[in-house]
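Coming up is one lone chain in structure tokens, specifically the form predicted on its own.
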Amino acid sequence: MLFVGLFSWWYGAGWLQLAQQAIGRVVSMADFFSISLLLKTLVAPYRQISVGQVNGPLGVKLHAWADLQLSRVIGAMIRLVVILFGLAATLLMFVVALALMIIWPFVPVLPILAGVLAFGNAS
């Protein structure tokens, strides 16, 4: 009776629980890197509080505008690197989760298979 309960959990609720955890890990990884937020703010200035309205001669205004554009370029490059790294990590987490889902049904059979292979090749 114990083995029947174990196998019914393994191929039923256990497999479903593994799938839910795997999906949660992939979503959590994407949330950890804030990929959607980084995409929304891709060209926002990088770590610049706010220059606001610059008053003064044209040279000062052009200098403030150039600083803002440079800050935007730096921010876009840094955010793009983090987005790419986050996508790679999320994809890797997805592949690992998919591999676990595929391997899961065969795990109870592995000890039996290992015993057969170990004693089958002994002669």
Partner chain sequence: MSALTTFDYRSLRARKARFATMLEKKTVRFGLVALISLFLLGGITLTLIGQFSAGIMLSSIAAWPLMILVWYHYELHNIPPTTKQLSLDGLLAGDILGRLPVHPSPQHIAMAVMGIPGGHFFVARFGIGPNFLTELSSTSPEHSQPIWERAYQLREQLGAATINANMVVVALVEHIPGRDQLLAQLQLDMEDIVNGAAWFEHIHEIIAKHQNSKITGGIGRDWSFGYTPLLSRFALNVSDQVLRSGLLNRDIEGHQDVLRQITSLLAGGGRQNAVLIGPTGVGKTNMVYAFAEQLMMPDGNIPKSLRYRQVVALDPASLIAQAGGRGELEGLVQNLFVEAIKAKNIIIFLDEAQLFLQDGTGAVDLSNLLLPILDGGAVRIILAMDEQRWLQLAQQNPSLAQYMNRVNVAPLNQADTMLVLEDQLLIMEFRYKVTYMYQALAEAYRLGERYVQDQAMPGKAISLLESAAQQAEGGLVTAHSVQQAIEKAFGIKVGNAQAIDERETLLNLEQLIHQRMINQSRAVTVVSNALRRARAGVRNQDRPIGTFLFLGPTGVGKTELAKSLAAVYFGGENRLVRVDLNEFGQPQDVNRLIADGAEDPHSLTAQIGKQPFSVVLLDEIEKAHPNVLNTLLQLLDEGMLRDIKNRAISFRDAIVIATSNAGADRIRQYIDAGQDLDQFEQPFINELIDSGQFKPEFLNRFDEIVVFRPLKPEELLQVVDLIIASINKTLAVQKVSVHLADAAKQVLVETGYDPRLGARPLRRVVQRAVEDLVAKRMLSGQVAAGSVIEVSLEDVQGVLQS
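For clarity, a rigid core is taken as the largest C-alpha set superposing within 1.5 Å between two forms. Positions refer to the first chain, counted from 1. Bear in mind that the values here come from a model prediction, so they are computed numbers and not experimental data.
Unshown form predicted together with the partner chain; subsequent notes refer to it.
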At the 4.5 Å heavy atom threshold, is residue 38 in contact with the partner chain in the predicted bound form?
yes
Interface membership of residue 111, the partner chain in the predicted bound form, 4.5 Å heavy atom rule:
yes
I'd like to know whether residue 107 contacts the partner chain in the predicted bound form, with contact meaning heavy atoms within 4.5 angstroms.
yes
In the predicted bound form, residue 44 touching the partner chain (heavy atom, 4.5 Å):
yes
What I'd like checked is whether 56, 60 and 65 together line the partner chain in the predicted bound form, meaning each has a non-hydrogen atom within 4.5 Å of it.
no
Could you spot which one of 70, 96, 78, 84 gets a heavy atom to within 4.5 Å of the partner chain in the predicted bound form?
78
Would you mind checking 1-22 for residues with a heavy atom within 4.5 Å of the partner chain in the predicted bound form?
1, 2, 5, 6, 7, 9, 10, 17, 21
Superposing on the rigid core, do we see a C-alpha displacement of 2 Å or more at residue 103 between the shown form and the other one?
no
